[in-house]
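What follows is a single chain, given as structure tokens, in the form predicted alone.
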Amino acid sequence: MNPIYIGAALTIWFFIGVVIAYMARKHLGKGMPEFFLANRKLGGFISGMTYSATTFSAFMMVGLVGLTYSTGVGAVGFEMIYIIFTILLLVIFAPRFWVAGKKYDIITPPELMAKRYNSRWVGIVSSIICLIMLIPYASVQMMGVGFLIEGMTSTSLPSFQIFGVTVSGLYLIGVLLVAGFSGISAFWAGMRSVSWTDAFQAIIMLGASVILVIFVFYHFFGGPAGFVTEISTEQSHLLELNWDLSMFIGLTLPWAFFALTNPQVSQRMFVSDSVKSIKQMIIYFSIFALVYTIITTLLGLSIAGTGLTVTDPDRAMPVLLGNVPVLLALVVFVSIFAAATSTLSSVTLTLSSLGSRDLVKKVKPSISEKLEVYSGKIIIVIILLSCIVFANLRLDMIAVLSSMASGGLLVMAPTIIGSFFWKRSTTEGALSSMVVGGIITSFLYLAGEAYYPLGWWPSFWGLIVTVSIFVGVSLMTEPPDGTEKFLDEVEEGVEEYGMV
């Protein structure tokens, strides 16, 4: 495809995004809750769309399509388990996050844990874990667009070395474009800008994917019936559950608890303006998630049935887009760009709130709210630069890399669940489980598959170790002061607002 077409499409998209961000900025107030949570005043539709757009990133239309193309329907089971768990976790935890956020003026998930366990160190440790683990996940958004531009463009640019890795000019352009757009959205008007652009981008993501799958069915297979016949006869191996059990559990576990452990989505449990909006958020997300997942996996299977030559699973979508009409390819490309930028904007904004609220504020409690917001903006720039460097390392498959990042965050799950549902959970149990579990999980991922104990993935062992330490140490120590008061006030709030 002519790069001029891609440039024109992105220019139009950039203009629309800037207009939305500008309109959001006109409503921007002052202070931390305003910049990082849109002053807790998002309605149900915007809450649902920003949650959906943040959750479903370039991982879906690039990573999951590639994973389905290469491994078959096991990828569908992997993603459906995530959706089921996410809906259940939102029903259980969203009301409690929302009540705690309003009552204690909480901005970030680590701040909530610090309040519950009456320890700033719980907040600091969880923030550090998030900052370390989410850099790879945020970088995946840049990688997805980089692969797309590189795979869709007929023109080539000179390659060069970065940290000993050969990087093509087109790939780097894709990385920088996502970083630039995300930075403007997050830096300029905070959560209000990010949520408004998320809503628009979510609509584009869903609409473009529906159009693409319909075109693929009729163009390559003559219709849905032809697709079913081709896959069930010529590609029947993709309909078999051929995933190794350890791989399935290793990839699925981190995503099952994604709604709790990934702060960019759990922070969205604070932003709704009412109980009604929270319920609407869950409903809108459920519909979006089901439709988008089915379409994405159908596209992965379709590519396998077209006979197109794909050398790398992460290039399956670029190859497909190179064989559809230019206008459709551009619309889909823009939708994937939208998915990547919405997730990166959200991750960047959330990490900056963690850095300013749970690290800078804890080191210097006397800092003014104005300087706290300013420090968050500086952190946005630092995070984006770190992601650019990481993205250019071009590590592993996108789907696996995303799950690895969530696997590291999984060590926070027992602490978060215990925050609301176990009175005996203690500060010592939270800290020791997150630190030891985080170290072990990271070591196993870095050591490589050859060192996985009994062949089971790091997320499996990390969760077992974390739960064991959390429960064991908590039983040997005393709950912090204020535990019962916190739990009682949250549950009273849940009942008061009619959330049970």
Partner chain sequence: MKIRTLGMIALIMAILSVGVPYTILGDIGRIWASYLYWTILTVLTIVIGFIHLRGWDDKR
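Positions refer to the first chain, counted from 1. Remember, predicted model here, so these are calculated numbers, not experimental data.
Not pictured, yet referred to below: the form predicted in complex with its partner chain.
**Student:** To test your reading of this chain, name the stretch in 87-95, 356-364, 112-120, 379-387 whose heavy atoms come within 4.5 Å of its partner chain in the predicted complex.
**Tutor:** Careful reading of the contacts points to 87-95.
**Student:** Assess the spot marked by 269, 440 and 451: is its partner chain within 4.5 Å of a heavy atom from every one of these residues in the predicted complex?
**Tutor:** Not a single residue of the candidate spot has a heavy atom within 4.5 Å of its partner chain in the predicted complex.
**Student:** Exactly one of 286, 306, 71, 375 has a non-hydrogen atom within 4.5 Å of its partner chain in the predicted complex; which residue is it?
**Tutor:** In short, 286.
**Student:** Just to confirm, with a 4.5 Å cut-off on non-hydrogen atoms, which of 297, 427, 415, 352 contacts its partner chain in the predicted complex?
**Tutor:** Filtering the options by heavy-atom distance leaves 297.
**Student:** Is it the case that residue 312, even though its partner is missing from this view, gets within 4.5 Å of its partner chain in the predicted complex, heavy atoms only?
**Tutor:** Residue-level check for residue 312: no, no contact with its partner chain.
**Student:** Residue-level contact is defined here as any heavy atom of the residue lying within 4.5 Å of its partner chain in the predicted complex; does residue 332 satisfy this criterion?
**Tutor:** No - in the predicted complex, heavy atoms of residue 332 and its partner chain never come within 4.5 Å of each other.
**Student:** Check residue 421 for me: does it contact its partner chain in the predicted complex (non-hydrogen atoms, 4.5 angstroms)?
**Tutor:** Because a heavy atom of residue 421 falls inside 4.5 Å of its partner chain in the predicted complex, the answer is yes.
**Student:** Taking 4.5 angstroms as the cut-off for heavy atoms, does residue 228 touch its partner chain in the predicted complex?
**Tutor:** Residue 228 belongs to the contact set for its partner chain.
**Student:** At 4.5 Å, heavy atom to heavy atom, what parts of 235-254 sit next to its partner chain in the predicted complex? List them in sequence order, or say none.
**Tutor:** Sequence-ordered list: 236, 239, 240, 241, 243, 244, 245, 248, 249.
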